[in-house]
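Just one chain is shown here, as structure tokens, and it is the form predicted alone.
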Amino acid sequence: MIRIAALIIGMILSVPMSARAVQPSPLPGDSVYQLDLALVDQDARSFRLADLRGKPRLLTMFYASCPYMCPLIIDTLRLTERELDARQRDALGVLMVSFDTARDDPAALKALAGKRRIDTGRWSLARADAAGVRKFAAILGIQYRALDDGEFSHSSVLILLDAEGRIAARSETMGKIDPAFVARIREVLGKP
């Protein structure tokens, strides 16, 4: 019996560490990724919010048919990214989650990405169910409400998460650069 146990232990130890199943460390208690949120992106790919762990990320909320503020949010994200060098941009992901659970299906999100020439290799436009959207907005401190005409009244916020999903910075500056926010992004991304 001892020989069998020794054989099994020897076999396990002979497998390189990289080939062994490694359990990820627990998420920090203040991580947004603690929210068990199912999302679907513009390419109809399903993923969980926690799947984004491991890379700093800019988050915001929007809806595809928004005529005013949401295009400005997209433009502000782009302005913010332009302040970063190529390495920093590559190290930073962007997630935009829609308020409009009725109309923003993957086809609507993909159409918006095409219309606005959004790089979906680094940016994800996503949707969740209504309950998930409410929880996500609450965690991020974003307020919204549906209006009778199908539009949404909402706060406009950019949020920076660190690689573990902790909120590292927020900006409500739209339409121009927020230097303090950009500085914090650089800090979270680290030195080149």
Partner chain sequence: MAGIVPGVKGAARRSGDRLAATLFSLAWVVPALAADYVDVPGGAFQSVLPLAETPLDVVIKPFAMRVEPVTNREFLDFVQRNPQWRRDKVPAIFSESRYLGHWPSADAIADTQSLQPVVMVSWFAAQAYCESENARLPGWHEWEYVAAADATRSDARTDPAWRNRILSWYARPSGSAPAAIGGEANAYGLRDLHGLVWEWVDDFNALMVSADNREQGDPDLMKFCGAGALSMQDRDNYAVLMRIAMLSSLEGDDVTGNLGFRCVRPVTGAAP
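Predicted model only: the values in this text are computed from it and were never measured. Positions refer to the first chain, counted from 1.
Another form exists, predicted together with its partner chain; not displayed. Remarks below refer to it.
Contact with its partner chain, judged by heavy atoms within 4.5 Å in the predicted complex, is confined among 52 to 60, 132 to 140, 38 to 46, 119 to 127 to 132 to 140. Although the partner is absent here, Ala163 sits far enough away that none of its heavy atoms falls within 4.5 Å of its partner chain in the predicted complex.
Heavy atoms of Pro26 never reach within 4.5 Å of its partner chain in the predicted complex, leaving it off the interface.
Proximity of Val32 to its partner chain in the predicted complex falls within the 4.5 Å heavy atom cutoff. Among residues of the shown chain, Met174 is one whose heavy atoms approach its partner chain to within 4.5 Å in the predicted complex. Contacts between stretch 146 to 176 and its partner chain, counted in the predicted complex as any heavy atom lying within 4.5 Å, involve Ala146, Leu147, Asp148, Phe152, Ser153, His154, Ser155, Ser156, Glu172, Met174, listed in sequence order.
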